[in-house]
Ligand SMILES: Nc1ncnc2c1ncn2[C@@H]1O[C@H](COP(=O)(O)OP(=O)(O)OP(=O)(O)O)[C@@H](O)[C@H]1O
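In the form predicted alone, a lone chain appears below as structure tokens.
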Amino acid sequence: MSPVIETTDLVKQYGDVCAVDQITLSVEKGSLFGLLGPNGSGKTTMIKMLTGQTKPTAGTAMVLGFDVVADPINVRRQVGIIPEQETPPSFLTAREYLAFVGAIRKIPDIGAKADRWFDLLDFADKRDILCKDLSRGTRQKLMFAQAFIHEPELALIDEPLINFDPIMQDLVKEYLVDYVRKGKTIFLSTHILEVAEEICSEFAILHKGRLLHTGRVAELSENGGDLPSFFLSLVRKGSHV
């Protein structure tokens, strides 16, 4: 079975700054894969390249069999995306935005599917409010809904819980785990190590654009370790290389 994400020597250079430095990575179908790293480690840049929003400087990346440089539109058509900064159009209501997403993605019965998400994430009372007037947490709910409303085989999420209260964080984590149980794949970036340890099956650690480690979360606990301690030890060593 081919990986749903596969990168080879992926590089992103911004002038003299190398944001992503020769990353080779493979993510199998059915993974809840966590891309971990401190702020500024290259996580957001990786997701932007994998979703065809930013062109790599060098190397290759395939997502669901599509080359992210040669066919970025098909990549974005197939996947679900939640960016780090939630950006629903300010001039649409929440309901209108999901209807727009449904029209673009040709989703049948979009009204009923949107209502399910309004109920699931508990913001049905906000469906007719303009996006510009929604709280950050509610905009995050809306962006979460638009990413999953077409039930993609793969979702790429940048800091998925950052604007949610503890109750909503718990609901979303449960949803992500259940989604993967159904055979789908989640690729999420986060610097919240406890979340990654709780829900991720595999992980990779980025630091200063470089890949320090990939592995399975279960292997750490089997060897008497934990993800936060392992991460901090590795990143501190990497800081002195």
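Start at 1 with the first residue shown and count on from there. Since the structure is predicted, the reported quantities are computational estimates derived from the model, not experimental observations.
Omitted from view is the form predicted together with this ligand, to which the following refers.
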Partner-contacting position among 213, 210, 191, 29 - heavy atom within 4.5 Å of this ligand in the model of the complex: 191
Contact segment among 179 to 187, 42 to 50, 56 to 64, 196 to 204, judged by heavy atoms lying within 4.5 Å of this ligand in the model of the complex: 42 to 50
Touches this ligand in the model of the complex: residue 84 (any heavy atom, 4.5 Å): yes
Residue 218 within 4.5 Å of this ligand in the model of the complex, heavy atoms: no
Interface membership of residue 10, this ligand in the model of the complex, 4.5 Å heavy atom rule: no
Residue 232, heavy atom within 4.5 angstroms of this ligand in the model of the complex: no
This ligand in the model of the complex: contacted by all of 100, 102 and 124, heavy atom 4.5 Å: no
Contacts with this ligand in the model of the complex - residues in 19 to 39 whose heavy atoms fall within 4.5 Å: 19, 38, 39
